[in-house]
Structure formats: C-alpha cells, structure tokens
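Listed next as structure tokens is one chain, alone, in the form predicted alone.
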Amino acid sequence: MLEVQNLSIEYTTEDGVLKAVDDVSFNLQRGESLGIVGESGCGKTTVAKALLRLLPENGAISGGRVLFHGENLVGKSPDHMRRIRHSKIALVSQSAMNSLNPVYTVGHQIREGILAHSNIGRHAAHARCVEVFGMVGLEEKRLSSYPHQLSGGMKQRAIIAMALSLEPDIIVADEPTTALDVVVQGRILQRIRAIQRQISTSMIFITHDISVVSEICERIIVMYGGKIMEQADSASFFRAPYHPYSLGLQNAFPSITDITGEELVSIPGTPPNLMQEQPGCRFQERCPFATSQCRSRTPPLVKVKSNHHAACWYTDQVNDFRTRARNRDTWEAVRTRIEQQETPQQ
C-alpha cells in the first residue's frame, strides 16, 4: 500500500542546512501497524509530515520517493494532495487536543471534513459522525459539545474519530496520547488498535515510548539521527534486538517482572548535530562498542535474519554486545569518555 524509497529531508535555517532525514526506506501493507520509535529530534515526525506533504516552508524532500498504491506523492500538486489527505491518508498529530476550532461544535467539525471529501448529504454525514463517535467510545450527545466542554481524553478521541470518519487507507498517528495520563492513554491505545483491526486500515504509529510500540504495533522501526538503525517485526525486536542503540533503549524499558528495584540504565550523551556532516555511524559517539570503522564508515542496513535488519558493522558479535549492554559499567564508561572529551584541557 505504501512504499517509502530512500527518503531524505532537509530544513533550511539561518545557520545552514539541517539534514533531518537521511535515506529512509520502508513499506506498509494493508491492515498492518508499523511503529516508528526514537528520541526527540531523530526525524520520526518529519517522516510523518513528508508522507502527507505537510512540511513547513523551510522543509523540503531532497531525495527519494513516497509511493502510495504505486503513485509517487512527492511530485503531486497541492490540490492533488488535499484530495488524498484525510480521505486516503489521515493524520492524528502531536497537538491533536489543540487542533479543534473552539467556536464550532465537535460534530460540526467532523461533519465538515466528511462533506468536503465525499458526495454524501448532511443527514448521512451526521449518521457517520454518530458511528465513528461510537467507535471511539463517545456518546452521540457529545457531537453538540464545544471543545472546551470536553476533557483531554474526550478531545483526543474526537480527533481520532475525525481521522476515522472517511475510513482512510492509512492513519498516521504522531504521538497521539503524549499529553494524557497513563490510564486514559492505555484505553485510547486499545481503542485505536481495535478500530484499526475492525476497519482493516493501516497505521503508522510514531512515538518516543517503546512500550507503546510493543503493545499495538506488528513491526517496528528504530530511528536515530535521521537514519534507520533497526527494522524488524515487533516480536523479534523485543526478544532479541541487534543494534547497540536498541540494546540501550531496552535497558531503559521498565519491566513489571523485574523486582530488583534497580535504577534503569540510560544512554549517556546527546544526539548528533545534524547541521554538520556525519561521517560513520550516527550512534558511534554514544556507543560502547564503537571502533575506528564505526567512526569513518556508515554501516548499511543489512538483513540479520528473516524480517529483521540492522545498521551495524558488528551484528555477528551481537550475543557479546547483549551481555555487555546489560552491565551498567558498560554505559558508565561511555559517560566517562564523553565527559573527558567535553572537559577543556588545562
């Protein structure tokens, strides 16, 4: 249904060109849920906006293709993209709770989107609003409410209902539950997954929370510094990740079966400056296993087993890396090295 080929995206700033996404490729099948995970600034939201051609004025796709049912969206006109957005590819953005117009009822706003992208009448559009509100667990009477009359969780559900209203082929959900408490977040995630299965739509779920991906996504992409570090089916990834960055993320992933009470191990350092050229692996400054090869040559994304790819020169040593990565001292050595590099010479 969707095939992203060698996608690269740049932002032009006063300080120069920022290469936000570099040579990213993936595909999405009908009915599939794909999670894109990574820390802030890794390029995951930029990828989402590029799919719908919603990049800001200083952003541009500098290379690659986005094939939707075989049609390259990169070269399409703004009018063509307006017809695809919402009806074929719908977005639930990070600031979803603030994207409702405060002077119109929620029902009016959802109905307006349905009428703009279909040929049905107002009565049928209202019936569709009632239907999608039921899907997300909202009462019909809430259609006549204004946004300020709804709780945060209700507004989030209303935005999801709006995205579902035309049964799009793909839903792009960009951290749709970040601002909600854990209980409400869990309920909405379960609702999203159930609806996705019910109407057989595909979903790209973008988040910094790896635990969310484990719960609702069948496949996972791990991004770092604008590049894909690892790509796999979720079961394979959480059972046995291959990339050192993924091993570091796994250490920071709390487990309800861990009763030791030990503090989680964080990854020392900060992401790379994408305003500068990045020779070698993007993660090499923070990697406890990096060598001179990692610092000079960029590793390709290679197949490590069926439906599992990783961008590391040393995937053949992963068993040793997994053992060492569980040791806090392994990462503390990286912290010490970074601090020494940052300390000015006397």
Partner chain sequence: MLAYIVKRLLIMIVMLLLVATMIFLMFRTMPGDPTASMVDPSIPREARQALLERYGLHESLWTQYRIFMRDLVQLDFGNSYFYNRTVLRVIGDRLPATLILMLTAMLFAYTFGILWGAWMAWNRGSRLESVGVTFSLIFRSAPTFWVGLMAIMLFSVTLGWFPAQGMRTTGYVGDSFAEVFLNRDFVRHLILPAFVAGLYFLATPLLIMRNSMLEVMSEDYIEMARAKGLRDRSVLYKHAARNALLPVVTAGALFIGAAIGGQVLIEVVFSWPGLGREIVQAVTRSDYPLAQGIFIIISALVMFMNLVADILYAFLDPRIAYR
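Nothing here was measured: the structure is a model prediction, and the numbers come from that model. Residue numbers count along the first chain shown, from 1.
There is another form of the same protein, the form predicted together with its partner chain; it is not shown, and what comes next is about it.
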- Check each of Ser77, Gln190, Asn98, Gln276 and return the one that places a heavy atom within 4.5 angstroms of its partner chain in the predicted complex. Asn98
- Task: Could you check which residue among His123, Lys141, Arg197, His148 gets a heavy atom within 4.5 Å of its partner chain in the predicted complex?
- Result: His148
- Item | Answer range among 98 to 106, 207 to 215, 182 to 190, 220 to 228 for contact with its partner chain, defined in the predicted complex as heavy atoms within 4.5 Å | 98 to 106
- Message: Arg65 versus its partner chain, in the predicted complex: is there a non-hydrogen atom within 4.5 Å?
- Response: no
- Query: Is Leu73 a contact residue for its partner chain in the predicted complex, using a 4.5 Å heavy atom cut-off?
  - Reply: no
- Query: Does Val130 reach its partner chain in the predicted complex, with heavy atoms at most 4.5 Å apart?
  - Reply: no
- Message: At 4.5 Å between heavy atoms, is Gly113 in contact with its partner chain in the predicted complex?
- Response: yes
